[in-house]
Ligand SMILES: Cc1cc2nc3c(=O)[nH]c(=O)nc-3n(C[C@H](O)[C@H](O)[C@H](O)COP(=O)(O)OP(=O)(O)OC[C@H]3O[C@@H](n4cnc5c(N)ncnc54)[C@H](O)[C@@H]3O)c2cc1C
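One chain comes next, on its own, written as structure tokens: the form predicted alone.
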Amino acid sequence: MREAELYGWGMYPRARCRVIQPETTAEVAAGVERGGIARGLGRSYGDPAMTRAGLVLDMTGMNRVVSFDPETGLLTCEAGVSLEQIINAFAPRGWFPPITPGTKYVTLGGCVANDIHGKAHRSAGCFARCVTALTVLLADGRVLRATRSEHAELFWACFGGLGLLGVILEVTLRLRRIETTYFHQRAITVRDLGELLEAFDRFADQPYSVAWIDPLATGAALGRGVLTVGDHAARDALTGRLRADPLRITPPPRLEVPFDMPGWALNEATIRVLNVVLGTMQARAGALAHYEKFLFPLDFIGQWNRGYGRRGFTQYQFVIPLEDGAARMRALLELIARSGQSPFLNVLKKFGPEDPRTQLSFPREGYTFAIDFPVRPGLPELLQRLDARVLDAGGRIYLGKDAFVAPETLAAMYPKLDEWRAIKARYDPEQRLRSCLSDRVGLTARA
């Protein structure tokens, strides 16, 4: 056991925690008995994977492949296995995870706990769609195998359940067969929000789509940016040296931010310069891109979150319905632009329908917007105003990114919250499994 200051990828908030790294089911059970909550690679932005009431179980020691069927692509791994490990092991054999978030440095347990989504939600859905079975250790020490037909309510409640129903020990998922690790891509430069939303519809046949928006554009240029769309490339699309190694994987990043940057380093001037660079890179993207640049562009720089300084940042991500989406999105962007909070790294995507079998999974059909804010005075008040606008639009925020939402706001945003709480009460009636986030937003009563 060790004591450590833990935090999410946003480096805010922070908590002193006792940490153990179990390597067996028995060690996980012992940790849960002492109030442990599971933690993967710490890529959730806020405080869902830490607790002041008990232990934090560092699940990265549970990182073994259990089985793989090369005929069907069915893979069973321990929950501490990362997407990076899966890509490195199976992409050279012609297999790839079908759903990935913006980083490959996430564990399978974390993918389930947040029901992660990516650039292809409209065509591929959330992580739940590719998972066939979970092995879950409950708060009372029982180990259950949960599938769509066996312990089905536990299975679905775990997706987006933030590790509060049990510790996920194993995940069985179906990989996607690929011919190359490259993507066709096309960049469409747009002048404003109207053009951007029209471009999403015009290129709806492309499975992958994501837009970068200039956070400093205002007035008639509000929503100016670049939409990137694409799909997996077949082997016959490659030429030259690419064709010689069609299933190439990427080595670890060579660049890394070595320390927390001083708070003054990220200001309006540097944000303006960085966004000019980002916009130029997006607009000039080539016709073919390796998976690293297409799916995980920020993984190129290790520990890039340190660029925000020790006070950290939050990524505010919300989704609002398509109905009146353009007008409501414009109002939200205008509020952000007037806030003086120096927003950075704005990303817009379009979601397909939500899965009706989950309760706390974030995506629903609509427009989703993610924006980074450095933590500074006035930010909580801005986020409270944004929450009210999102709620009024019938939308919700992403708990995997949150560090500020109020309990009553969350309850209003997630209409199936009481259903999830009832399942939690059946599988963890004493509320042993709890986190800083669950206590903060009312998913569990404060310890």
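Bear in mind that the values here come from a model prediction, so they are computed numbers and not experimental data. For every residue, the number given is its place in the sequence shown, counted from 1.
As for the form predicted together with the named molecule, it is not shown, yet the points below apply to it.
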If we define contact as a non-hydrogen atom of the residue within 4.5 angstroms of the partner, is residue 230 a contact of the named molecule in the model of the complex? no
Is residue 203 one of the residues lying within 4.5 Å of the named molecule in the model of the complex, judged by heavy atom distances? no
Please determine whether residue 312 contacts the named molecule in the model of the complex, using a 4.5 Å cut-off between heavy atoms. no
Consider residue 403 of the chain shown here, and say whether it contacts the named molecule in the model of the complex, taking contact as heavy atoms within 4.5 Å. no
With the named molecule left out of view, choose which of 102, 98, 94, 321 has a non-hydrogen atom within 4.5 angstroms of it in the model of the complex. 102
Within 4.5 Å of the named molecule in the model of the complex, do we find a heavy atom from each of 41, 107 and 114? yes
Assert contact_stretch over 84-92, 242-250, 166-174, 187-195 against the named molecule in the model of the complex, heavy atom within 4.5 Å, equals 166-174
Counting only heavy atoms, which residues in 1-32 are within 4.5 Å of the named molecule in the model of the complex? 9
